[in-house]
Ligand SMILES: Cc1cc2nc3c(=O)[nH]c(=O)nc-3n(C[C@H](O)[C@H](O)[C@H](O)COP(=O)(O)OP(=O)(O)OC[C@H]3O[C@@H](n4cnc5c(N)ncnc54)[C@H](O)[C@@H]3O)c2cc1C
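The chain below stands alone and is given in C-alpha cells; this is the form predicted alone.
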C-alpha cells in the first residue's frame, strides 16, 4: 500500500516548521515534513544588517491596533483587506510563540518589546535580533520539531501535486509525487497539504536568494492553482560573492561606491558623482538607502532609488562592476553637512568613526562579522554588489484561513502565499508566514472535529500510480533541451524583462520564447544529469511563463510603474538626460491599486489572467457575548463569517 499521512508539509523554512508545530499542538500528529533539507530554506540562509520581524507595536505609548496595522499593509494597494487584518490581529500570538521558543527579541527593563520603523511603516512595529533573525527562528523551531518527534524526511523534492476533480468544478489536493534521496520517484497520499516551498528564488540571474533555494511553486501552478500579484517582486542592492542584502547599516555607514573595469581592479571610479555632483545630496541619498532599501518606483527620479537605477545602468549598459568600499570615505564626505535625518541618526547611534568600516562596527558589529565568517574581510577588500531579486510579494491565491482559493485541501504558506500587495512593510513576510501556520492549524483542527473525514481510498492510490506512470513516460523521452542551457536562458529573460526595468515593447517576445521553451520541454523531454533536474526544469519553464505573461498582461492594462519596478515606454517620462532614451518611465495608474491580478495556467498550460476588486479591511460590529457564542459554535470558520459590515 502507498504511504499516506493525515497532513503533508512540503518545505521546512520558518513557515513550514511553524505550521507543523501548530498542527501538533492541536492534536494533529499524523504529520510528515518533506523537504530538500532543513538547512536549505531561504529562512535559514538569508538576512540583512538587522533582519526585521514586523508585528503589532508592543512598547511605549504608541497607539496601535489590528485595524491600524492592516491599514499600513493596504496603503500600497492591490492587497485584500481581510488578509491584512488577519496578519495584523494574529501577529502578537505568532511573535509570543517565537519568544517562548527562545528567539531572543530585545526587551527593556519593564518587559516591553522595543521596536523601530521599517520600510512603509508609520509606527515602530519592527524588531530584530540582528542579521540572522529568521535563521534563529528556524533553529529554535527545528529543535522543537525534533523534541516532539515530528517526522522529517530530507533530500526529497516535490515535483507534482496529486489532485482529484470535485462535483463543483474545483479540484482537491490528495497527495504529492517527489524525487527521493536515491533519485527515484515516490508518491505519498494526504488529506491536507501545507505548501511551504518559498519564493521563485532560482528564476533570476541577479538574485539574493540563497543558491541552494530554488522555490517550488511550479507543481501548484501545473495543476491550475490560482496565483495573485505575480508581477509584484521586490528588488534591492545585494552582495554577489556571498548573497546578502546590503540594507540598513551597510548603507548608513556611508561606504564609497565605485565601479571598475571587468577585471575588478582597473579604472576605479566613484561614478555616482558624475550624476549627482552635490556631495551632501548624494551621501544623504546613500544614507536613506538603508531605510529605503527596496527599489521603489516612487523614489525615481527624485529619491534614494535613483542610486539603484544608476548602479544598474553602470552594470548593464557600461558593463562595469560595482563595489562598496568600507576602507575609505567617499570623496567629499562631510558628515556634519548631511541632511539632518542622516546626521542625527549617526550621532545618536554613536557612529562617528573616521571610516565607513569604523561607523559600521559602531552601529552593528555583527554586520561586519557576518562577512568575515564568509571569508570576506571588509577591512581589506571591496564588496561587489548588484540590484537583485529578493522577494515575491505575489504567490498562490489563498483565503483568510490560508486555503487555496481553487484547490481544496491545499494550504500555501510563507512566501509562496501571495497575500502581500504592491508594497509591504519590511519584515511583514516573516510575520505572514508565522500567522499562516496558526490559521492553517486552527482550520484543519476544527475540520477534524466538526466534519466527517473522507477516507483516502483506492481511487486516490490509482490516481497516484497513473501520475507516476505519466512522469516515467515523459522522463523516457529522448530530450532535445539541455537543462543547464535552458535554465540560463530562463534566468536571463526573467532578470532582463521582469526586473526593475520592464520594457513594454519586449514583453510579448519574452512570453513567446517562454511558451516555445515550455512546449518543447513537455513534448520532447529534457537532457539533464538527473531526473530531479529534468523535472525541475519543467516546473521552472512553466513558472517563468506565467510570471512573464502576468507582467505583459499588467503592462497592456496600463498599470504603469509601481512598487519595485519601472514600466518603460517611448512616451514615458525621462528619468535623466544622460540615461538611455529608451529608459522613459510610464506613470502609475492608481486605479489599479484597488485591483488584484489573478493568474493561472489552464489545462493546456496556457496563461490566463483576470482582475478582481480588493476586498476592504473589515469593520465588524463587535458584541462580546455574540462573538463569544459564534466562537464556541465554530461559526468563525464559516464561509460567511466576518464578511458583513465592511467599510
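Positions refer to the first chain, counted from 1. A quick note: this is a predicted structure, and the numbers were derived from the prediction, not measured.
One more form of this protein should be noted, the form predicted in complex with this ligand, which is absent from this view; the next part is about it.
- This chain is displayed without this ligand, yet in the predicted complex the stretch 409 to 417 from 409 to 417, 459 to 467, 313 to 321, 252 to 260 comes within 4.5 Å of it by heavy atoms.
- Each of 16, 41 and 427 is positioned with at least one heavy atom within 4.5 Å of this ligand in the predicted complex.
- Contact check for residue 194: every heavy atom lies farther than 4.5 Å from this ligand in the predicted complex.
- For the chain shown alone, residue 245 is a contact residue for this ligand in the predicted complex, at least one non-hydrogen atom being within 4.5 angstroms.
- The shortest heavy atom separation between residue 204 and this ligand in the predicted complex exceeds 4.5 Å.
- Of the heavy atoms in residue 514, none are within 4.5 Å of this ligand in the predicted complex.
- A heavy atom within 4.5 Å of this ligand in the predicted complex is found for exactly one of 499, 290, 115, 216: 216.
- A heavy atom within 4.5 Å of this ligand in the predicted complex is found for exactly one of 60, 620, 37, 27: 37.
- Although this ligand is not shown here, in the predicted complex the stretch 38 to 55 places heavy atoms of 40, 41, 42, 43, 46, 47, 48, 51, 52 within 4.5 Å of it, in sequence order.
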